[in-house]
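To begin, one chain is listed below as structure tokens, in the form predicted alone.
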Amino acid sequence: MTVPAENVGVQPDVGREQTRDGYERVYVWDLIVRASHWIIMLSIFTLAGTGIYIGDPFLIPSGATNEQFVMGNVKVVHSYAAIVFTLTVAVRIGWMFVGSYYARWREFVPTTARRIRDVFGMLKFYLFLAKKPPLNVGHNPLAGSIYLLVFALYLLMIATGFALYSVSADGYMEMWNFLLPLFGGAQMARWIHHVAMWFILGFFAHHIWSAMLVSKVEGMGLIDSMFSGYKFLPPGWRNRDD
């Protein structure tokens, strides 16, 4: 099916309906995108909280046995959260190649002249040099590019986590100790793991702020769309130079 030039970047004839006020309700984020978004967020907060405790056990019950019991439970939660995080990241990366229209890798890599221009348009908006951001149905191209870096941090966290786990692991997880020399040993891998965590948490803080800002200015229901999957596009939005 050939998509008209004015509709480039729009998934044709899927989940689109006109509202009474002229806005168009468009299904943008499918279930895999939304579920992976929230699962990754929750698992990262769990990993960060348990990881901080493992690095600095600030809750020390009386008695060595109780202390070991608490630390053991925290490590178990950390391990299971890491499994959930790793599998969800793997699913989301795979979905970039086989998923729905707005889930694809093209949403993360600006490949058209319009999306390349919008990178700078979004940057001007974030720097308060423009009153409104460029209209994009899926990810805006600047955010998409940043998400690629965030996914690289995710993979770094997974690799360093596997390397650290292999130090005391038995069985198949022990095979991941080949990663330790790549990171300069266990101590350096632990430092990289720790620093990457703070970068990810810093991104989360900015992500929440920018989502609230863009949602308020655009009026397209950006935050709501991560629950419902739908955005509301203003009248005449197809007349842009795509």
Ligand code: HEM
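Being a predicted model, the structure only gives us computed values, none of them experimental. Residue numbers run from 1 along the displayed sequence.
The next section is about a form of this same protein that is not shown, the form predicted in complex with the named molecule.
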{"query": "The named molecule contact at M157 in the model of the complex, heavy atom, 4.5 Å", "finding": "yes"}
{"query": "Distance check, V70 to the named molecule in the model of the complex, heavy atom within 4.5 Å", "finding": "no"}
{"query": "Any non-hydrogen atom of Y101 within 4.5 angstroms of the named molecule in the model of the complex", "finding": "no"}
{"query": "Distance check, F125 to the named molecule in the model of the complex, heavy atom within 4.5 Å", "finding": "no"}
{"query": "One residue of M188, I39, L213, I52 in contact with the named molecule, assessed in the model of the complex (non-hydrogen atom, 4.5 angstroms)", "finding": "I52"}
{"query": "Residues of 69 to 90 having any heavy atom within 4.5 Å of the named molecule in the model of the complex, listed in sequence order", "finding": "K75, H78, A82, F85, T86"}
